[in-house]
Ligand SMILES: Nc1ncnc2c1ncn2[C@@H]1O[C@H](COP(=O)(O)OP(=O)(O)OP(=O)(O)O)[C@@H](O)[C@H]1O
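Just one chain follows, in the form predicted on its own, and it is written as structure tokens.
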Amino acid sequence: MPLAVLRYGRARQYNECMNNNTQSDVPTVAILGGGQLGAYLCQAAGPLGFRTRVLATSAPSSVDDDADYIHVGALDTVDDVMHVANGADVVTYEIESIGPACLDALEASGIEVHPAPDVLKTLQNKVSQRAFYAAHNFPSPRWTSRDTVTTECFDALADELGMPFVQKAATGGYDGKGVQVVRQPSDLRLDFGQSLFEELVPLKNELGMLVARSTTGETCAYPPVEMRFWGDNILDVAVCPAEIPKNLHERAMQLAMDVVSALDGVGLFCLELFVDTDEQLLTNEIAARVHNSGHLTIEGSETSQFEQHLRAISGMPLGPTTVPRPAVMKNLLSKLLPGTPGPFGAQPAHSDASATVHWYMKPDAKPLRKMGHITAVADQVGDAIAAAESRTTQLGFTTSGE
């Protein structure tokens, strides 16, 4: 018997279309994954006239107050995935770790899925991502790969890439996990399995490029988001528009749209770009989903990334992507030990004149776990950053540089 719960969350809003139709007449979106990204997709769905069915991997989950229907199961179990997908008009994801057999089952079912399973399969593996970039002549750092990593690989890798170089697990890495700078043979992570190796690029900036592409082929990009990282590659602060020259803005937006079009992708994608010290743009990783760096679009843009994603996968016209005033997003990263209870599940989003606080309703803490975020919008980037940092300190969370 599947473990499921039907919820009509207090945050849900129903527009006139939904009030005037029976449930069977209301278009339904199935979302695979029940984290904070899924919660925001659910919140954006109601005003657009959609109901939501969510596959969450645990209970409680971040979607509990926002989804119309929640099934608790596994993202790599075909029965669980198809239980949520069946009855939906379109299926999408808030996390990439969908099992290959599940992607095959979705493809065979004839249910509309965006981004398409073959696109997600390409992007689930960093080596296949880089092969895709190479096949389409998109610029990226020098790279190579190994299916099996041993310390005997070191000299050949150093000769090819220079010293030091970077090792990335081909699959499964996120928020700084699965990434290692290699300076000596003992630094190699043999447990990563198949790995991507790349040169260590001298960086000026790292950008998050949010691109939406519709089922109709309509494509748009948000202004570049500058991503500033905490320690081991965990996003700390996102700033939009990025503080880079105007010509780089235009080049970055065009490159990002070209990449998503070459993928034939549908939905909201985030392409991470390196800006090197010569102001050359290099493609890094791409996420086939809404992204942490795009949270600032909730307050900072007329169309949030979450609404935009739903518009794209349903064939609706895409919304405006302008960011009229500088917007800054600050992640609330926990300093508590694993399993430590916190006040994170009881606090709704709230705001004042300077900043908006969002909680992800996570019941416990882990070191540097994202428990929520703060967005500040101001006339000057520095003022927005100061407002976000001040509220972070007031809440007792880690601030930049601690």
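Residue numbers run from 1 along the displayed sequence. Quick caveat: nothing in here was measured; it's all calculated off a predicted structure.
Beyond the structure shown, there is the form predicted in complex with the ligand, which is absent from this document and is the topic of what follows.
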property	result
Residue contact check: residue 331 to the ligand in the model of the complex, 4.5 Å heavy atom	no
Residue contact check: residue 284 to the ligand in the model of the complex, 4.5 Å heavy atom	yes
Residue 246: touches the ligand in the model of the complex, heavy atom cutoff 4.5 angstroms	no
Contact of residue 156 with the ligand in the model of the complex (heavy atom, 4.5 Å)	no
Contact residue in the model of the complex, chosen from 198, 236, 226, 80 - any heavy atom within 4.5 Å of the ligand	198
The ligand: the contacting residue among 127, 72, 116, 166 in the model of the complex [heavy atom, 4.5 Å]	166
Interface segment, criterion being heavy atoms within 4.5 Å of the ligand in the model of the complex, picked from 217 to 225, 299 to 307, 268 to 276, 85 to 93	268 to 276
Site test, 46, 49 and 64 vs the ligand in the model of the complex, non-hydrogen atom cutoff 4.5 Å	no
